[in-house]
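Single chain ahead, by itself, as structure tokens, in the form predicted on its own.
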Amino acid sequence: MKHPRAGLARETRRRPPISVAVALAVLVAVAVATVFAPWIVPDATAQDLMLGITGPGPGHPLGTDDLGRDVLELLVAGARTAVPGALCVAAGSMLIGNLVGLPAGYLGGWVDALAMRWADLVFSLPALLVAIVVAGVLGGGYGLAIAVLVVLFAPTDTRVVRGAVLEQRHRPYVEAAQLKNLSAWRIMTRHVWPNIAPVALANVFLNFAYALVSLASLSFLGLGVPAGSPDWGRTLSDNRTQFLTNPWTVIAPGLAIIATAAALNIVGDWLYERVDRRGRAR
């Protein structure tokens, strides 16, 4: 007969901590805003110059900016540009990291040496500073900022994937596949990658958070989305001189960036710990 405390302990271990639950709730809210913003706030960029900048009040819970735009609506609409760009950076970085890290870890030799020298070179560069310089020289633009950050973030995923592959390379299932004379590509993609995928996916959350902050920083400096766009970083930049008149024009987008990045980090750390714990149990 099973002791009732054993079942309670298992249930407690499976239940995520309160911080993770709160972080997941934040991410769900941000996801809803990202997907449904055109229907939730269809007139987010509508201007009311006669109204101008006002504090919180009826009809405008967070007030308006100097163009008479509702701050709360701009906040919801801002997720439409802030989040997809960061997601593209994280996904593109993961793709390059897998394409480079898999053969580097499995094949070793000159392939590994070449991949790691490239990763070390790029990883040694200050990502945000390089992105600012490149975007400034080439004229800025949201697409360019995303492309630059993908290249600069890729070494992180490459190292993570390579390390996970090195851990799996001498496992019995890999040796059994080699004895069957399967091609290296098939072993890497059909056998090794499914076992390291959880680690790679957990790392996506961390890169997602860094990319969100980096893109917001570039938009704040005028090197991302164009002026007037409902983007968190750009909204923060456009209204920084209005802080004393209506602080929420600056506080709201700043809190959105911080809360989303923190939530991504919390969930990413939690997933990584779970994956690492399961890997050690095996």
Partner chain sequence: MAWRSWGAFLLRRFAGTAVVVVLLSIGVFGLLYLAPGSVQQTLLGTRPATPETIAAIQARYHLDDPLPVQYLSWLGGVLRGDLGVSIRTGSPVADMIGDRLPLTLALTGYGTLLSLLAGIPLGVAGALRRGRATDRLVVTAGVVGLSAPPFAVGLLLLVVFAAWLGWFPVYGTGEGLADQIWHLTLPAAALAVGAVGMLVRFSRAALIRELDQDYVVFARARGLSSAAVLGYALRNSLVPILTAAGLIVTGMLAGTVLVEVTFALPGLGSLLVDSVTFKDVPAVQALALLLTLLIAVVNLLVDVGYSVVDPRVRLGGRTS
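Remember, it's a predicted structure, so these values are computed and weren't measured experimentally. Residue numbers count along the first chain shown, from 1.
Not pictured, yet referred to below: the form predicted together with the partner chain.
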Would you check whether the partner chain, in the predicted complex, lies within 4.5 angstroms of a non-hydrogen atom from each of A21, V26 and A33?
no
Within 4.5 Å, heavy atoms only, one stretch in 220-228, 35-43, 52-60, 65-73 touches the partner chain in the predicted complex. Which?
220-228
Identify, from the list G139, P194, G109, G143, the residue with a heavy atom within 4.5 Å of the partner chain in the predicted complex.
G139
Give a yes or no for H170: in the predicted complex, does one of its heavy atoms lie within 4.5 Å of a heavy atom belonging to the partner chain?
no
Is there a non-hydrogen atom of I132 within 4.5 angstroms of a non-hydrogen atom of the partner chain in the predicted complex?
yes
Does the partner chain come within 4.5 Å of any heavy atom of L179 in the predicted complex?
no
Flag L271 as yes or no: does it have a non-hydrogen atom within 4.5 angstroms of any non-hydrogen atom of the partner chain in the predicted complex?
no
Need the contact residues for 198-216: heavy atom within 4.5 Å of the partner chain in the predicted complex, sequence order, or none if there are none.
V213, A216
